[in-house]
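Just one chain is shown here, as structure tokens, and it is the form predicted alone.
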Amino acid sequence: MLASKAHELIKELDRSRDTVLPPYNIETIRLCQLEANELFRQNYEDVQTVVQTNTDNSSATSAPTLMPTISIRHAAIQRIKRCLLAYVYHRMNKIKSLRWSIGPVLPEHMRNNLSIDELEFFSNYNQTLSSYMRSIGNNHSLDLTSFMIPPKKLFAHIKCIQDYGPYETSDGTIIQLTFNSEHYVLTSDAEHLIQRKIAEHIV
């Protein structure tokens, strides 16, 4: 079937919609490119035949039979292109979401699933986002990725679960984090400490 490999890419996206980004399918993409090139080559040859027909009445009977085939091949080429673009665009959006959910450094098993171009895209997106966050903070960077949902409270009550020592909060205050000590800190600081398993939230 024409464009079957391109259809496989779309099915792969559907299967991995709610999972970790799968490895970049370079082999299937290469087969799609080869198929599109071959269809284009065949169409080029048939179009040349049709053009020749217009100047050579002796082969006029063959030209009409070629047009439906040319149209089908052209439609297949366009379908392959749309599938490839959808595949790349979907992965690009997934990669951007990883920056917001995981941070500027991807785990090794995720990096291994990205192509060289995707790794470069992630790096450039990370730099652009970091530059923007620095530009909107008055005297320090404003981390927009801390809360994807606005917090209900400005401060949070936390309890330390390890001896950490002095910790500088986002407003410049130094607090001593010792085992079982409790603190009221900004929700952004609390989230950071909880993610690092230094503290836990007290409900």
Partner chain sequence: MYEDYFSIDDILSTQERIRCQLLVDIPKLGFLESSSATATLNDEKKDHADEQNFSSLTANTKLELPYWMIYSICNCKTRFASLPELPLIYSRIQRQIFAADASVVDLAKQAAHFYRQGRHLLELNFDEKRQVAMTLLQTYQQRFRSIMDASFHLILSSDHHHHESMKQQTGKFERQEKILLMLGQAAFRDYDRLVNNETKQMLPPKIQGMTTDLTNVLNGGMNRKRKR
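If you superpose the two forms and keep the largest set of C-alpha atoms that fall within 1.5 Å, you have the rigid core. Positions refer to the first chain, counted from 1. What you see is a predicted model, and the numbers here were worked out from it, not measured in a lab.
The same protein has a further form, the form predicted together with its partner chain, not shown here; the description that follows concerns it.
The three marked residues, Leu66, Ser101 and Lys152, each reach its partner chain in the predicted complex, with a heavy atom inside 4.5 Å. At the 4.5 Å threshold, heavy atoms of Asn180 stay clear of its partner chain in the predicted complex, well away from it. Contact annotation for Leu129: none of its heavy atoms lies within 4.5 Å of its partner chain in the predicted complex.
The closest heavy atom approach of Asn112 to its partner chain in the predicted complex falls outside 4.5 Å. When contacts are judged by a 4.5 Å heavy atom cut-off, Val105 does not count as touching its partner chain in the predicted complex. Counting a residue when any of its non-hydrogen atoms is within 4.5 Å of its partner chain in the predicted complex, the hits in 74-111 run Ala75, Ala76, Gln78, Arg79, Lys81, Arg82, Cys83, Leu85, Ala86, Tyr89, His90, Ser97, Ser101. For Ile194, a C-alpha deviation of 2 angstroms or more is recorded between the shown form and the other one after rigid-core alignment. The rigid-core alignment places the CA of Leu31 less than 2 Å apart between the shown form and the other one.
The Cα position of Val185 differs by 2 Å or more between the shown form and the other one after fitting on the rigid core.
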